[in-house]
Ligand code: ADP
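Below, in structure tokens: the form predicted on its own, a single chain.
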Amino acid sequence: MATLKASEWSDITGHMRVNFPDLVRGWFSTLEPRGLEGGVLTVGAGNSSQVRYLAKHCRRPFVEAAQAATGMLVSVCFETDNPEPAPSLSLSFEQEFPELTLNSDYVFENFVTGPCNRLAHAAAIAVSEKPGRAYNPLFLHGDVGLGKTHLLQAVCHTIQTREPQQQASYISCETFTNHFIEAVEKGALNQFRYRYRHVGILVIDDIQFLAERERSQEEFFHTFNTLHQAQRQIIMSADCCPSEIPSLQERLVSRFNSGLVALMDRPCLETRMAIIRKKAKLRCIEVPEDVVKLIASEIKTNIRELEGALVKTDALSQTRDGIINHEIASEALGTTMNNHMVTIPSIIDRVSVHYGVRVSDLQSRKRTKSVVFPRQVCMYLGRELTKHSLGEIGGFFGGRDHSTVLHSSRLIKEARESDPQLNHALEEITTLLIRGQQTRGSL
């Protein structure tokens, strides 16, 4: 490489100081010419920061100075012998996996079983004992607050205890999607895929949030296939069954349905009472049996609301003498304010009048079209307007099981969206039911 004369370099730096004083920095004195070859003058700097500054602000001024000093048509480049190390990517999905964040109360011993969740509970235990071999995938679905997360974490707790070497990942669907977006943005798809496709157990809560996310569905499809072929356990939960998740690709629906799909329904009265007793024991609260029954009778929606009612009752008792009784529980629940609930018998009466069928026919085993449709309307309104479980609703109609109630309510829900006449009829019946209950409550 040709060298630049000392006088020529001195002329270049002098030209810079005279003509571009605002660009000159104190460290310019450490710059050195490294050669002139092929019409390119190479200038050495002390570090990468100096090179970036020179390349961004000083390239054209240096070219001008070099051409004036040498009398030749030359260009200038800058380099350093001390480049900064490439910044390492900080990937959240690599940092969060080593330690699972689990609720210590969410173990099988604290889960209360009943007709509403017995299949899901048994399947979760089987999976925790033989991951990848019992039911793969395992898909739990049901309304919020019915214990899906409890069972998912109970499986993780059990596997961690029995097989601590097993690499497990318990995450929400939102976390999976955010990790995928982050990997795309940072060009780290290989790290993302390696992390998710080499776990021993993948547990994902609220998988319904994959809806409307095409690229995330594509990525999860390949992740699912890789894990399933390797006999790695996959467990998912959602608020509805796979076929009802909106905009979910058919190939994912079929794969989710290829294992065990278990419904978790609202708990019946006896199960709700058992749940309250269990929650009270965990919180070291003494609750009389009449209060247990009162809370269980008033709160029929989900487990979280049962626990909330228990906590509220206990908190109110602490402002008195610390003893929980029926009066305090009634005040905490506000039962005097909640006597306007629509009942299944009132729904049956109102629907029988609207469609001109007998109440006894609606509650019979008859399957004629004139009876089946009004009966389905009753089941739909029972699910929409009351807090009864599917099994309890079915009990009012000749002991039909929860799947019949679920099927009926889905049919009516879909039909009202495309049938304005049916939608109007349902709105009219609902209005009359609510007004009727309010009238009775005010008497």
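Remember, predicted model here, so these are calculated numbers, not experimental data. From 1 onward, residues are counted along the sequence shown.
One more form of this protein, predicted together with this ligand, exists but is not displayed; see below.
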**Report entry** Heavy atom distance at most 4.5 Å to this ligand in the model of the complex, all of 129, 157 and 234
**Finding:** no
Report summary line: Here the chain appears without its partner; judged in the model of the complex, the stretch of 173-181, 272-280, 310-318, 286-294 with heavy atoms within 4.5 Å of this ligand is 272-280
Report summary line: Note: exactly one of 325, 216, 301, 149 sits with a heavy atom within 4.5 Å of this ligand in the model of the complex, namely 149
Query - Candidate from 343, 80, 169, 110 lying within 4.5 Å of this ligand in the model of the complex - any heavy atom - result: 110
Query raised in the report: Might residue 355 be said to contact this ligand in the model of the complex, defining contact as any heavy atom within 4.5 Å?
Result: no
Query raised in the report: Do residue 143 and this ligand come within 4.5 Å of each other in the model of the complex, heavy atoms counted?
Result: yes
Query raised in the report: Is residue 221 a contact residue for this ligand in the model of the complex, using a 4.5 Å heavy atom cut-off?
Result: no
Query raised in the report: Would residue 373 sit within 4.5 Å of this ligand in the model of the complex, counting heavy atoms only?
Result: no
Query raised in the report: Within 216-249, which residues have a heavy atom closer than or equal to 4.5 Å from this ligand in the model of the complex?
Result: none
